[in-house]
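Shown next as structure tokens: one chain only, the form predicted on its own.
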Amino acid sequence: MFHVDLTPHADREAYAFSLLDDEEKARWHRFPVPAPRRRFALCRAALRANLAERLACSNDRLSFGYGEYGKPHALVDGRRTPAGFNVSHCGRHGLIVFASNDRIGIDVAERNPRRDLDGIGSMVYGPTERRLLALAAGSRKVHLFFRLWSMKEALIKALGSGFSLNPSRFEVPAAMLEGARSSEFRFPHAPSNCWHLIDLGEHRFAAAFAYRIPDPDGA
């Protein structure tokens, strides 16, 4: 797992763009404003450089496919590889994690003090989470909102379902609502699979990482 610095830097951005393939460059051009273009290029270039090294291939042999809900996977010469990875970026921060499989998810979020955190929370959080958010005020509310969001997003990304799963249908583990930095978790609709959730938040951003705990038989 590593951090990607997404602050503006013309030379770094130009080099990152040069590493993208034609499809990615077309995607870069579709972003309407500079900031999303910068975040995409820098994170994708960092991902490419690390994957090429891990897969022992040149950058031009590497491409990406996408699952039913948009989760990417790496291809070498058009063939899917077993390499697992996940990427998240927000503002001036990107996080990338690698694993031996794709049952992982990571999320990073800069704490933006929006005006209606309770209103947004009513759509994405469960009853206990909403109560905690309603009781918090000021910077504590902002911190709690984005801590909860990063944990939920990491779990959804690890599951690979995208937002076909409404985040209000599950709550983060009770221990983490009480301040713990990590805990095991099971989705209510799929309790047979156990996940490990870790709060990676620090003073610059909220962040979380989730991964599936292998079954005793190795599945």
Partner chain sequence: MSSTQDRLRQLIAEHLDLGRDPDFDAKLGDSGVSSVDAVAFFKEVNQAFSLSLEPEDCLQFGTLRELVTYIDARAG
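Just so it is clear, the structure is predicted and the values come from calculations on it, not from any experiment. Numbering follows the first chain given and starts at 1.
From this point on, the text means the form predicted in complex with the partner chain, which you will not see here.
- Across the proposed site, 27, 115 and 163 without exception bring a heavy atom within 4.5 Å of the partner chain in the predicted complex.
- When contacts are judged by a 4.5 Å heavy atom cut-off, residue 191 does not count as touching the partner chain in the predicted complex.
- Taking the partner from elsewhere, residue 153 is found to have a heavy atom lying within 4.5 Å of the partner chain in the predicted complex.
- The closest non-hydrogen atom of residue 38 lies beyond 4.5 Å of the partner chain in the predicted complex.
- Although the partner is absent from this view, residue 127 stays clear of the partner chain in the predicted complex, with no non-hydrogen atom inside 4.5 angstroms.
- Heavy atoms within 4.5 Å of the partner chain in the predicted complex map, among the stretches 43-51, 181-189, 57-65, 165-173, onto 165-173 alone.
- The listed set 75, 136, 83, 120 contains one residue whose heavy atoms approach the partner chain in the predicted complex to within 4.5 Å, identified as 120.
- Contacts of stretch 132-156 with the partner chain in the predicted complex, defined by any heavy atom lying within 4.5 Å, are made by 145, 146, 149, 153, listed in sequence order.
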